[in-house]
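This document starts with one chain, in the form predicted alone, laid out as structure tokens.
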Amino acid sequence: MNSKQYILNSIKNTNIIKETPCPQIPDFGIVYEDKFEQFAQIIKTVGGDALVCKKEDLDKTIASLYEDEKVISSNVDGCTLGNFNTDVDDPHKLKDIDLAIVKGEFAVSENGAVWIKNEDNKHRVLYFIAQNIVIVVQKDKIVNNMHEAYENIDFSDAGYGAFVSGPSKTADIEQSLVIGAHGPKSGYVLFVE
């Protein structure tokens, strides 16, 4: 046995890691008395807004927010405002969308974010290329914090998912907040009852 093999064997025999159970960490996440109210306050601070409406009023509510938008895409059940089919081969064809109405899986009160993962959406650029975005979430799908949020995410299917909070924004230049710099210039989260 050469010296290299002798050293490696010595390390292997003396560096034995014992099976140790992971420590149990208690749930220490923030819990809110009114999850919707907390979400609404936080999303306002990042340039967005949150509203509640009944499912039958979804079209009317969105139409009142965006009266002048012409090219609208929607993949939300119960919303009939969509007049542009996003199932195109070239995602560059989505550049003229005025309003994207998309489904959110759940919302997080702690930071005003919504988890979006829609298998029906062929191009993930839709969330970022539209001039305006409305994310529709069931009102009973609000969690308190990111600890709860991560428990709700299913990573078993490969695909795209992201937390989105309000419209596009940046504060890189002189720490001045600019809304709509790199994506949607306005963003609403509509909670459907």
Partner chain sequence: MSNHPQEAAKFVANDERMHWHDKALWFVREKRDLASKSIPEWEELRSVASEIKTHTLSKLDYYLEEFEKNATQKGITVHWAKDALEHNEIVYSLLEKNKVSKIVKSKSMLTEECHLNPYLEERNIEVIDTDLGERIVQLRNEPPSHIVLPAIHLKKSEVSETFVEKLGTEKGNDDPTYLTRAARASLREDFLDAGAGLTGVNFAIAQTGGVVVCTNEGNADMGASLPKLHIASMGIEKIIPKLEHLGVFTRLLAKSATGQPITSYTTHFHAPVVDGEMHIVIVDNQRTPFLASKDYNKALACIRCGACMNTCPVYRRSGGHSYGYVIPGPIGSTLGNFKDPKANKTLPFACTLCGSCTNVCPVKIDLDTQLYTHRQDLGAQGLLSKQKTISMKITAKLMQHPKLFDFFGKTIRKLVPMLPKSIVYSKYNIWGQTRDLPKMPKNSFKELYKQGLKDEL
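Computed from a predicted model, the values in this text were never measured in an experiment. Numbering follows the first chain given and starts at 1.
Only in words, not in the display: the form predicted together with the partner chain, which the text now covers.
Among residues of the shown chain, Thr61 is not one whose heavy atoms approach the partner chain to within 4.5 Å in the predicted bound form. Contact check for Glu110: a heavy atom falls within 4.5 Å of the partner chain in the predicted bound form. Trp115 belongs to the set of residues with a heavy atom inside 4.5 Å of the partner chain in the predicted bound form. At the 4.5 Å threshold, heavy atoms of Lys55 stay clear of the partner chain in the predicted bound form, well away from it. With contact defined as any non-hydrogen atom lying within 4.5 angstroms of the partner chain in the predicted bound form, the contacting residues in 137-152 are Asn145, Met146, His147, Tyr150, given in sequence order.
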